[in-house]
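One chain is shown next in structure tokens, namely the form predicted on its own.
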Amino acid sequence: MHRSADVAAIELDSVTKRYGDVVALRELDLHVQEGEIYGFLGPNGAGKSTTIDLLLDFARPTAGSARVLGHDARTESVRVRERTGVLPEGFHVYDRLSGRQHLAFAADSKDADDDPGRVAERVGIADALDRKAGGYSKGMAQRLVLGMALVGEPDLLILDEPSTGLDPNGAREMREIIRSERDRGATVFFSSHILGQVEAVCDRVGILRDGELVAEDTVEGLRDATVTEATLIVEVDRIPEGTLGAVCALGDVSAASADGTVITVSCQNASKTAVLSTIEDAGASIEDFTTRDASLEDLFVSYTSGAGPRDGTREAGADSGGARP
């Protein structure tokens, strides 16, 4: 590891990127701390790929600055790439080369001494290590390119849609690898459309819309900052007449239904106690209840549809209790 003290892994300051008349990024500020797992989300066309291209000097900002691991992304791009492992969304493998040759090439290019067999074991392709990569499935090829990204213990991993093509077991193994890389001190920056994957591993999440960062926080922080509802599932001994009507009459309840002796209520988090009290006041005895909070998918829709956070809550760039360096 080549870590510099008190240096953010990624720093984009007022970055704008134009392609002709199209503005791909608009005064984007993005700071990612060393050693965190940062999920980068946004609908197609939001500017995620452009952001990654700027970090790797595949594109250059029209205005603003980009630094990676303390290095200028434009003038010190070779140094950045030496310390970064990348799994690009549009990856490809060389059909005539074996998995072992791919991994050996990655080790040579990074002047690393990683054993291809151990890397292949870690990413789950040990049995196919000496087969030509042209015969790999999409998921196996993805594992191979991930293995190449892991060679040399990079300080930063940039993973663009890392779970595409993986089955559930592969997705779980991917999460384990991401966590283990973070645990050894690496920073992981990844974008994904598989929001459950992001929710399961990320320390923080940034949501990009139309080239602007519209939200940035922990998943729990984003959940607290939106108007997205929770679902309250209440098990009762019986449902007296008028119970559902009384629950629906509460101000922050949008829907209530019953199935047997189970009442399901969609409401704001702050109203859950009032819902439970109303059910009891109607004459039912509550035997158990659970809450299903808004998923990251719900939050994503809320922010990218323009609903945004509630007044007075954190938006991207606001103070988030020390989440930024």
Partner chain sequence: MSWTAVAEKDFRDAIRSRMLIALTVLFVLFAVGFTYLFSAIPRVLGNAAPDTAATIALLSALNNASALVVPLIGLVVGYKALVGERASGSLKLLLGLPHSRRDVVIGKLVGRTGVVAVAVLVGFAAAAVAAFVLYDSFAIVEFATYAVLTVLLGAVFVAIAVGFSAGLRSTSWALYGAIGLFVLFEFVWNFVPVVVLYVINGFELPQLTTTPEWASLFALLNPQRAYSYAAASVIPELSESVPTEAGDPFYLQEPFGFVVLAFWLVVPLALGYLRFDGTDL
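Just so it is clear, the structure is predicted and the values come from calculations on it, not from any experiment. Numbering follows the first chain given and starts at 1.
As for the form predicted in complex with the partner chain, it is not shown, yet the points below apply to it.
Residue in contact with the partner chain in the predicted complex (any heavy atom within 4.5 Å), chosen from 203, 114, 82, 210: 82. Checking 179, 138, 238, 96 against the partner chain in the predicted complex, a heavy atom within 4.5 Å turns up for just one residue: 96.
This chain is displayed without the partner chain, yet in the predicted complex the stretch 142 to 150 from 122 to 130, 239 to 247, 142 to 150, 192 to 200 comes within 4.5 Å of it by heavy atoms.
Within 4.5 Å of some heavy atom of the partner chain in the predicted complex lies at least one heavy atom of residue 108. The closest non-hydrogen atom of residue 60 lies within 4.5 Å of the partner chain in the predicted complex. Contact annotation for residue 88: at least one heavy atom lies within 4.5 Å of the partner chain in the predicted complex. Not displayed here, the partner chain is approached by residue 78 to within 4.5 Å at the level of heavy atoms in the predicted complex. Along 8 to 26, residues 17, 19 each place a heavy atom within 4.5 Å of the partner chain in the predicted complex.
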